[in-house]
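Before any questions on binding or motion, here is one chain by itself as structure tokens, the form predicted on its own.
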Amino acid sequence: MLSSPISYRIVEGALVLARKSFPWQAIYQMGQFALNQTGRAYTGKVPLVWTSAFFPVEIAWSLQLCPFSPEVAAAFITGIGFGQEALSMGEEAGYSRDLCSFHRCIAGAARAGHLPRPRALLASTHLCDGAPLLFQNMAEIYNAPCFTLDVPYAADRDAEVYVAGQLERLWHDLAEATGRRPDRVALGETLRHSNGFRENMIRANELRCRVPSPISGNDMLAFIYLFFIGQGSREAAEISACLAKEIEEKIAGGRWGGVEKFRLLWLHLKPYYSNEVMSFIEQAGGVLAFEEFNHIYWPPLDPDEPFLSLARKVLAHFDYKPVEERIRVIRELAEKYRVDGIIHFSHHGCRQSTGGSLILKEALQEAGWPVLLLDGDCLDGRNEAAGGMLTRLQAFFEILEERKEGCLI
């Protein structure tokens, strides 16, 4: 069904009919983009490459390839109710339950034949140790080359040159593996599209400083799709421009705002197997004023120095540094968006994010923000006691309520 063009025509028709029901046209446009990308991936009309989260996907777009994020696919599989089946199949294949559920889900879905066959796989070693190892296993299953970008921990000039050199070689090797011709002009255009996306998201993020918030943080978490898949595409630049314009128009027209009992900063991702957590937050009067994953942390790209500027982007991530750097960025975001509390969704199996969470909590609480470490899993709900996360959220909101009452007295 996924490989049939008829399926996509049917879904596209349904999407068009439902257009007016979307709260934001930017989300509707992103849905169209995701549908088109999925169709390209499964119908095989364009050479497909898998990309891990945080890999500079501009490399794939510049060669007119179809980038596919299996981690995004895992979240989608879970959202439509097939996550448990895929997780079980991944565990049967030997992937331990203490590993990241995204990777277990991918392994299971690949074993079941549910994922599109890649011509090549692109992984990066920074931020996630599991993805490059998983991609190497998947490369054997699909008999496709796996290109791994080795990112050093230091972000000095030597590191920039080292990563830039790898990216240039990878670009040429990927072109050869997929039958594409490397074109510097196309690469420069790709970087300009990426800069457009960056500038538009910065604009949207600045507008979100308004109190009350002009857009739901739960809606904004959907745009992570563009961060993982879209950077470098014309579509991502256009969708982000639409988003910023819509927010501006909503503010200018006075059609924004509402009751904000608690303004929250959300760290890491969210549970995709259930909407209970996000619904509970909204019903309790909580608003996600901002989300860590939507923060623009990298400098503009230089089309005249494409590989060096992409290397700087890769090395700029604040979470691939000592934990003090992540604390500094989160403090700046908490101040900028005037939040009342911070929630860190501590995804099981994600050592990169949860490893320093206790240090993070202590530092942020010393700076004056209540912090909840909400232990859970983005895809696997089998380890969660019924209502456990909601109970912890309720207790946290009671703390925020007491603090607000204390300020009023």
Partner chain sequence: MLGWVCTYTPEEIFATLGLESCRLYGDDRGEYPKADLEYLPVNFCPLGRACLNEGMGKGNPSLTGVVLTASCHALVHLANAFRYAGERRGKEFFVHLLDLPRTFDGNDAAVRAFASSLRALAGRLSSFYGVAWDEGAFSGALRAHQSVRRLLRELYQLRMGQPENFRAAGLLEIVRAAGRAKKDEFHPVLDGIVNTLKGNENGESRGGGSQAATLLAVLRRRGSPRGPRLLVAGSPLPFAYLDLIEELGGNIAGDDLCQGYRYCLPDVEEGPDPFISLARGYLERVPCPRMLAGRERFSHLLSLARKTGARGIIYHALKFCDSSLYEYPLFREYFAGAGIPVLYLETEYRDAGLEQARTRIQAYLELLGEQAGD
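Everything numeric here is computed off the predicted structure, so don't read it as measured data. Numbering follows the first chain given and starts at 1.
Not pictured, yet referred to below: the form predicted together with the partner chain.
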Seminar exercise, completed: The stretch from 332-340, 100-108, 270-278, 80-88 that lies within 4.5 Å of the partner chain in the predicted bound form, judged by heavy atoms, is 100-108
For this session: Sort through 243, 120, 128, 289 and report the residue having a heavy atom within 4.5 Å of the partner chain in the predicted bound form.
Result: 128
Exercise. Taking the partner chain in the predicted bound form as the reference, which of 137, 195, 216, 294 has a non-hydrogen atom within 4.5 Å?
Worked result: 137
Exercise. Wondering, does residue 76 line up within 4.5 Å of the partner chain in the predicted bound form on heavy atoms?
Worked result: no
Exercise. With the partner left out of view, is residue 46 within 4.5 angstroms of the partner chain in the predicted bound form by any non-hydrogen atom?
Worked result: no
Exercise. Heavy atoms within 4.5 Å of the partner chain in the predicted bound form: does residue 234 have any?
Worked result: no
Exercise. Wondering, does residue 178 line up within 4.5 Å of the partner chain in the predicted bound form on heavy atoms?
Worked result: no
Problem set entry | Three-residue site 227, 266 and 303 fully in contact with the partner chain in the predicted bound form at 4.5 Å by heavy atom | no
Exercise. For the stretch 87-114, which residues lie within 4.5 Å of the partner chain in the predicted bound form by non-hydrogen atom distance?
Worked result: 92, 93, 94, 95, 96, 98, 99, 100, 103
